[in-house]
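Here you get one chain, nothing else, as structure tokens; it is the form predicted alone.
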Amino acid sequence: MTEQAGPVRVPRGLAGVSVSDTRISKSSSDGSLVYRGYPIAELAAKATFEETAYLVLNGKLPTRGELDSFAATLAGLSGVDGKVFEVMRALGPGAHPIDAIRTGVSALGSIDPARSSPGRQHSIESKMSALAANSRRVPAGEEPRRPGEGRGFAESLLQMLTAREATEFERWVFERVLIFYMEHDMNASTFTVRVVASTLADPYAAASAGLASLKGPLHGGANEAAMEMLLQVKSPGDAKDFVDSTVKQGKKLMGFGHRVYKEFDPRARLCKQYLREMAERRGGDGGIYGVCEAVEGEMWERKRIPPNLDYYAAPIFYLLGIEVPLYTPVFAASRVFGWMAHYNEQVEENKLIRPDSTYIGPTGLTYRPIGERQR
């Protein structure tokens, strides 16, 4: 990228501004999303979570030997030192789950025996699932749930989250949603990770910063907010009045709209299909799919705003029995693989990310002693 001679004014929020070259993923306004060149629908239909994670991290699909080795590495590093849980427990039951995970990752950076860069990154990636699943339990004083032996990443995480044996189809759907959450080019948390990586701070610091950026409802917390909103709509017939009332009050309907996708989010389309089949297989889901479809229709009719991934991922998590406050931690457990891919890409061709700003405050003020200052 060509450097400018002086500051360049850009849109607020950096909308439409390319801040880096990347080979990892790309979302486009036409509703497409690719990971390392592979369309997301292709990966959702054919790949496992571990295959996709390996692809995102390494730039190619693994051979059988590479996949087995990678999966074994993640499983072997998934155990969390009790000292990390002690730090999380000290936060108390009022701790926000993301704060608990972030604190856990920070503590891990001080005691983790891994020393090589790949080792440290794999340690964070593998342990994030247990930290996410226990981000409410441990601060509340409950015993942590541990990763199950002989289970893949997605299956192990789901079991820790719900403490029940899911059906094969439920496990498959959950794995698809994790694949969708794994990576999404230069989103807020990824950009945060790359800024920290550009200082050459270690992966623990970068992951902690990424977690901090997930806490707000406009990024990671959107799936929780979307579910809380959907639970207010008691039936599909209430959708029109609910949307009317919300729009008239000037409130935002969570789970709708996206900075990139203007016509449709490809991940949301696929999740909608999965949710419908989950509802059909159950024979009765309290009308959650009907509510989702009705609210989506009303929003498109009024605003021409499509739903995003969070809108349909949230009710999938709900039907799987995952507690709403754990939806963002689930996001983090998957997105950490994308973060580490971006961490590596940033460090490999590093330049400190240090943008300029335009000062619009006062100038030329004269300091006066406190006794001479007017109220």
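A residue's number is simply how far along the shown sequence it sits, counting from 1. Worth saying up front: this structure is predicted, and the values here are computed from it rather than measured.
FYI, the form predicted together with ligand COA isn't displayed, but the following is about it.
ask   = Within a 4.5 Å heavy atom cut-off, is Arg136 in contact with ligand COA in the predicted complex?
value = No, Arg136 is distant from the partner.
inquiry  = Within 4.5 Å, heavy atoms only: does Tyr274 come near ligand COA in the predicted complex?
reply    = Contact check for Tyr274: no, nothing within 4.5 Å of ligand COA in the predicted complex.
inquiry  = Would you classify Pro217 as touching ligand COA in the predicted complex, given a 4.5 Å non-hydrogen atom cut-off?
reply    = Close contact exists here: in the predicted complex, Pro217 approaches ligand COA to within 4.5 Å, heavy atoms only.
query = So in the predicted complex, does any heavy atom of His258 sit within 4.5 Å of ligand COA?
reply = His258 belongs to the contact set for ligand COA.
message = I need to confirm a contact call. Of Ala130, Leu178, Ala222, Met88, which residue comes within 4.5 Å of ligand COA in the predicted complex, counting heavy atoms only?
response = Contact check passes for Ala222.
ask   = Of the options Arg281, Lys240, Arg151, Lys252, which one has a non-hydrogen atom that comes within 4.5 Å of ligand COA in the predicted complex?
value = Partner contact (heavy atom, 4.5 Å) among the options: Lys252.
request  = Determine which one of 303-311, 29-37, 61-69, 42-50 lies within 4.5 Å of ligand COA in the predicted complex, judging by heavy atom distances; exactly one does.
outcome  = Of the options, only 303-311 has residues within 4.5 Å of the partner.
task = Quick one: name the residues from 116-140 with any non-hydrogen atom within 4.5 angstroms of ligand COA in the predicted complex.
result = If the 4.5 Å heavy-atom criterion is applied to ligand COA in the predicted complex, 116-140 yields nothing.
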